[in-house]
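First, one chain by itself: the form predicted on its own, in structure tokens.
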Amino acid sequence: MRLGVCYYPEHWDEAIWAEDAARMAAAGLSLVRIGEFAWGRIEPAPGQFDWGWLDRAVESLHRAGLKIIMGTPSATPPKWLVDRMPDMVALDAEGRPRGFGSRRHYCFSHAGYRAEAVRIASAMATRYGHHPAVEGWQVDNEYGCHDTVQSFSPAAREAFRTWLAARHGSIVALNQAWGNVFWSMEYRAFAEVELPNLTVTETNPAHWLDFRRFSSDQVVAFHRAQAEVLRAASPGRTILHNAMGFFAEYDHHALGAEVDVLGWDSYPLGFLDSFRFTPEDKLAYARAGHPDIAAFHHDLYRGCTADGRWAVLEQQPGPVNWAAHNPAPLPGMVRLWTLEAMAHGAEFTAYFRWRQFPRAQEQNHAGLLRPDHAPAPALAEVVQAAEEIAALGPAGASPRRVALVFDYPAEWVTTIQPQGKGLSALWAAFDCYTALRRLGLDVDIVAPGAGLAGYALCVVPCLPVVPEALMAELAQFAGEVVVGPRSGSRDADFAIPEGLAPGPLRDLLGLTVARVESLPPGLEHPAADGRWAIARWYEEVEGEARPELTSADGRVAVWRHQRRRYLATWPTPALAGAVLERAARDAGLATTPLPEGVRLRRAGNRTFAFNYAAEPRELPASLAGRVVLGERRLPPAGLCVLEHDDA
């Protein structure tokens, strides 16, 4: 795994560029990302290009032996373009324009802006597409950041109508698919269909689902338009994008089909503070990040491309500026995050950013250097990580053991019509992932159509719409299967399936869901031993499946049918742990229950162990192997690498 850094030469005096490049190389960095926010400097006026400064920046990096990922700058269109084309800006759900003054102020559906984005990408590719230092292109930056996937502009409305006509064929078919006979919502023509915002009360969920699909398709089409010109003008270079954490507003599997490498931006401390972790976890892991945040996304994005190529395009190196609270990482944490990415198969990890910028919106976002050019604490950890990576050599592939199925439309369905607050498919997947990792298991997160051959256990945490491709895989899968609640509960048009849930999974699971209820906080049905409880969601089930886990008052939490289990309640961490431990045992998988905060990753003939806890942790005695890095007693933010004779 190589190491890199995000650099903005336009922010700094040209006199220090060569020194910066030399310091990067000396620190063990070999890859630099530049250009993704520089449109205004590249083209300060319409059609007037200033390439000189960027030419010199590229040469400074090249002379230091550094390779470059060049970013296309379409995330930050300049003011002159917005003034020339004011309707290119997106409108939010309240109909307000997303105006100039920060970034991502464009509508994916605006044909004029898409053409401008292609034009600037083409100009950059023509200029730098064959430069020996340029080895890759990052298209745009963080699609959808700041809630910008969905636009409610006139351009989006017209594009949505065209998309609906292509999907449904006729307005009669659309009315039938959406159930528009309800509340007298039937349309006479596609031209009558509006966007799903600004309705008096809840919009038809089928309308929302199609709009979510459309919005996702617009992101992918926008990306494809630039990628096509880059591939033509700069052949042989890697095409990539930097996705985000806990972000499911567009289908990353669809984007993964359009890139060579899918990267993501890793900010474990910011994510811990900003997302739905418990107050206890937020305090316990305030300086480390929850032990599954980074790994979950490593495994998620590895599963989004056809050949599993992924990277970390932005790694948090210190305090960030955008969360409600922004603590500094534990000493050693940046090194740990780096080696963990290596263990999960990253092609490279790039730190954001080289030097903290003393102006504008990100003044408080740390870099590898302070604003006064002195090293920030993370720089020494990067140097150490670079030396350790070189000493360890290639990480090797991880074994196929557990496949966890996640589909982005599942998250759309459960957020459009949650039925119970916070019952999200994404977080059901995360909680199941955490339960598996606490057992010391390696997990691959896969799309519903991915092949399951070679896995011993398949986990489907929550999949309301079950694709035919998954049914085909499950029909021939010889391992254990665990399916979570709401799976198969809707068809592709957001209707309850004929024959009730779990729809196409009924025969496979040997049951039918007769009734569902969501449970408010405090309304729980605990097991007799108190280890777990039915909470948040409950389904009454009929059929030939037999009860396996039952609460003290007789409610069935888990049903068993042959090699398949069904959770009739929400996979809370305790219950997910109980059922997945049984499933892993039946699948013949050896588990290693781990101390709180410790996680494992196997790669080739090595096992990597990481300690996210704020206290030292001892590796279990059952975990064998020769220590080749670190020690078995893990300090806070410590890691250990064990080597085995067998791969």
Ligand code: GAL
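Each residue number is its position in the shown sequence, starting from 1. Keep in mind it's a predicted model, so treat the numbers as computed, not measured.
FYI, the form predicted together with ligand GAL isn't displayed, but the following is about it.
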Interface membership of His561, ligand GAL in the model of the complex, 4.5 Å heavy atom rule = no
Partner proximity in the model of the complex: Tyr267 to ligand GAL, non-hydrogen atom cutoff 4.5 Å | yes
Is there a heavy atom of Ser216 no more than 4.5 Å from a heavy atom of ligand GAL in the model of the complex?
-> no
Indicate whether ligand GAL has at least one heavy atom within 4.5 Å of a heavy atom of Glu362 in the model of the complex.
-> yes
Considering ligand GAL in the model of the complex, find the one stretch among 259-267, 329-337, 433-441, 498-506 with heavy atoms no farther than 4.5 Å from it.
-> 259-267
In the model of the complex, which of the listed residues (Glu142, Asp493, Glu249, Asp292) lies with a heavy atom within 4.5 Å of ligand GAL?
-> Glu142
The listed residue (Thr414, Asn242, Thr72, Thr569) that reaches within 4.5 Å of ligand GAL in the model of the complex by any heavy atom is Asn242
Heavy atom contacts to ligand GAL in the model of the complex at 4.5 Å, residues of 300-314 in sequence order = Glu314
